[in-house]
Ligand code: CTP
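Quick setup: one chain, the form predicted on its own, written in structure tokens, and binding and motion questions come after.
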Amino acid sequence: MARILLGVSGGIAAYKALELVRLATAAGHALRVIQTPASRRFVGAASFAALSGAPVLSDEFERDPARGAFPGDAAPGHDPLSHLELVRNTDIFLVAPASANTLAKLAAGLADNLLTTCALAATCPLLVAPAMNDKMWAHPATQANVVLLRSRGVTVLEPATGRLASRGEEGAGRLPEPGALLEAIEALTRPPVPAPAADLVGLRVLVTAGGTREPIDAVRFVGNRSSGRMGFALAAEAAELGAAVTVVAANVGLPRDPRVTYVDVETAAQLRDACCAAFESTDVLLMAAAVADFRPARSFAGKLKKGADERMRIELERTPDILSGLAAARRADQTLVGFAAEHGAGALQYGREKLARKRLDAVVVNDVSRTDIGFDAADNEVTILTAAGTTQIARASKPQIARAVLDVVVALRAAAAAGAPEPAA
């Protein structure tokens, strides 16, 4: 379990940090909290202290009753400097929410409060979760600060998109949900897989994730409900097994794994171009993205107005079949896995047809008619089809499903390398 130092800066999103503390401690992690003075205008120190079971600090000259120790650890026999002792003992330092002001201070190397002083003294991984108004997030100064921090090895999460604090405003700037923050913490603190167990060492894995959006006009689009969780789980597990992983992410707002390279796209055409650029050097393709089958034949530059008509007619055209195109250009030593999100009866039959029609090595079928699994859910339940048989994976977390899919990939490649028939499931 990890020792987590949580830095909370000023902003309405500070209330989400309370839920993160609850989730982290429930998972067995030890946690200390430091707050900027501005953050205490939103959430009091007593709430964080009650949930973490440890004193909360705000000022550099404030005495730490725990003397830099985390819950469960013995305190030293002297009073050390809190900003040095806290970061010396921590495994990961998360700043959440990170306001635009705090983000700028971190990029500039300022140390004018306890949070920024700890950040400057920290040698552990630094994870930053920005939260602010969408216009502040999009400002060139903020974006330059993010680029600078990332160039120094800081993991800066992408803010989520949705309703913002100001009434009637929506956009990119929301703090990721507490569960996603905990996932990011655990990804950065998870011990590496020993070399003998790293079955994908030396392989280049290309994953597609999320759902494409095909613009109707400057505001509206044709899309789907895919969150990208399955694709991101596949990427994380492949990296865990030693692969060099690239994710083509279509409109995914989830935290990023520092071990993975990401290429962000929006439309099916952009996803196709990104995949084609990377496919030649790819050993394993995991096509988990939900690609729109149709797009508006014409996209309007502005915003379409309702007008007096009760109906609006939009002509659609087919998008390119990306997986078929890649399969047609595949090498014999490449492994291709498709995904089929089907609804109700006939799902497995369609998956088998897709396996043969697109010349794939495996197809992962899941039933999206259920609301408790699949799209934007933490769990999934799938059937993996290969030429030799069927593997049913009962309901499990998406990381567990991802590992099961990769186990099949490893078995397929081992059989191909040995010149043996594909192993039966």
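Since the model is a prediction, treat every value here as computed from it, not as a measurement. Quick note: we count residues from 1 along the sequence shown, nothing fancier.
This next part talks about the form predicted in complex with this ligand, which is not shown.
Legend entry - Segment that reaches this ligand in the model of the complex - one of 162-170, 128-136, 292-300, 180-188, heavy atoms within 4.5 Å: Going through the listed ranges, the match is 292-300.
Inset, instruction - Tell me, out of Met287, Val265, Leu241, Ala327, which residue has a non-hydrogen atom within 4.5 angstroms of this ligand in the model of the complex. - result: Checking each option against this ligand in the model of the complex, the one that comes within 4.5 Å is Met287.
Inset, instruction - With this ligand left out of view, choose which of Glu342, Glu158, Asp273, Asp217 has a non-hydrogen atom within 4.5 angstroms of it in the model of the complex. - result: Flagged contact: Glu342.
Inset, instruction - Give a yes/no on whether Gly338 approaches this ligand to within 4.5 Å in the model of the complex, heavy atoms considered. - result: Looking in the model of the complex, residue contacts with this ligand include Gly338, since a heavy atom lies within 4.5 Å.
Inset, instruction - Give a yes or no for Thr261: in the model of the complex, does one of its heavy atoms lie within 4.5 Å of a heavy atom belonging to this ligand? - result: Looking in the model of the complex, residue contacts with this ligand do not include Thr261, since no heavy atom lies within 4.5 Å.
Legend entry - 4.5 Å heavy atom contact, Lys354 and this ligand in the model of the complex: It does: once this ligand is placed as it appears in the model of the complex, Lys354 has a heavy atom within 4.5 Å of it.
Inset, instruction - Would you check, heavy atoms only and a 4.5 Å threshold, whether Asp321 touches this ligand in the model of the complex? - result: Yes, contact at 4.5 Å.
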